[in-house]
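Form predicted on its own, single chain, as structure tokens, below.
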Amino acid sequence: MDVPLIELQKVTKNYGSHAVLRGVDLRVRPGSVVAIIGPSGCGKSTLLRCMNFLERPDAGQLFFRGRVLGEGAEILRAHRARVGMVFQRFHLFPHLNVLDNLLLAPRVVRGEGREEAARSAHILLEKVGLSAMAGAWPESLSGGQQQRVAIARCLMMEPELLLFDEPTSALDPELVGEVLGVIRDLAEEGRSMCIVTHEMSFAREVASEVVMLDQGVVIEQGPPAQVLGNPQHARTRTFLKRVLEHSRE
């Protein structure tokens, strides 16, 4: 049996008396794309943040390639280097140009020389369609361009798993396609990814599995054709109906 790239067992996360995640089980196979859907406030972003330990679970275990993730600063730094994350808000450093945003992590974390890191950065900027923007400042870029820079910056650390937290939610509608196009290309390369998204047509096209989260619990999961095309849980059907109605407005 294939060992999952990452696996969560009975993961729980509380903020005070509020239970955000309530015993979540999740397995991500190497090369798979898992789309995580659900209503606002159901715990989707917290789930991603627990997967790279930006948030520490209160209970449960996390395994990476079959090994339980332990404690300690060095262990967590190594894990975060293997699991890259792209946020809703691009979080580019405004005082650094595009190239230097990409160079920062490999130079500081891995000690790469500037010339070596710059070669990789230019390759990735070309991959995301921004090869001419290396010297640009973040404030001069559109939202879609900034998000593509954020994706390239994430790829600089060569992560084994990519986490996308609603990567198009902060974008104007006309800019959504350019970011989804980059993510689609990464999926076609066989990258392992978890994507929190409200773009159901994109999830249907790209995902190998869809996970429906509601009130901190996984209530349905399976292939897109099943979860999105023939959902078994009433809550999933209600959610998908509301998403479809919103997209028509």
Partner chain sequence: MLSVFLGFALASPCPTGTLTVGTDATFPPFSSKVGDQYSGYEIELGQQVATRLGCGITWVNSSFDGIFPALLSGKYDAVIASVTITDERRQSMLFSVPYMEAGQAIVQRIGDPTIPDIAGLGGKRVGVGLNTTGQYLLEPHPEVILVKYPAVDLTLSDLRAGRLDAVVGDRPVFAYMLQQSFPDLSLGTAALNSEQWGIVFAPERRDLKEAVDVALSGMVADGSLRALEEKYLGTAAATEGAASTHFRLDRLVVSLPMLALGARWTLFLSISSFLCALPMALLLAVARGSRLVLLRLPAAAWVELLRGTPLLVQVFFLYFVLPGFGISLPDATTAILALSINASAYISEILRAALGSIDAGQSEAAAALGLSRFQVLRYVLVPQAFRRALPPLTNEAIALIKESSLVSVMGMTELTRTGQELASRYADPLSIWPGVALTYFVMTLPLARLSAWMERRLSVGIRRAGD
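Computed from a predicted model, the values in this text were never measured in an experiment. Positions refer to the first chain, counted from 1.
Form predicted together with the partner chain: not shown, discussed below.
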**Complete:** Answer key, the partner chain contact in the model of the complex at 4.5 Å (heavy atoms) among A117, L130, V179, M85: the residue is M85
**Prompt:** Within 4.5 Å of the partner chain in the model of the complex, heavy atoms considered, which of R27, H198, R184, R49?
**Reply:** R49
**Request:** Classify I75 as contacting or not contacting the partner chain in the model of the complex by the rule of any non-hydrogen atom within 4.5 angstroms, answering yes or no.
**Result:** no
**Request:** Examine E126 and determine whether its closest non-hydrogen atom to the partner chain in the model of the complex is within 4.5 angstroms.
**Result:** no
**Message:** Residue-level contact is defined here as any heavy atom of the residue lying within 4.5 Å of the partner chain in the model of the complex; does P94 satisfy this criterion?
**Reply:** yes
**Asked** Contact between A121 and the partner chain in the model of the complex at 4.5 Å, heavy atoms?
**Response** no
**Prompt:** Check M212, V217 and R237: does every one of them have a heavy atom within 4.5 Å of the partner chain in the model of the complex?
**Reply:** no
**Stretch 195-223: residues contacting the partner chain in the model of the complex, 4.5 Å heavy atom cut-off** = none
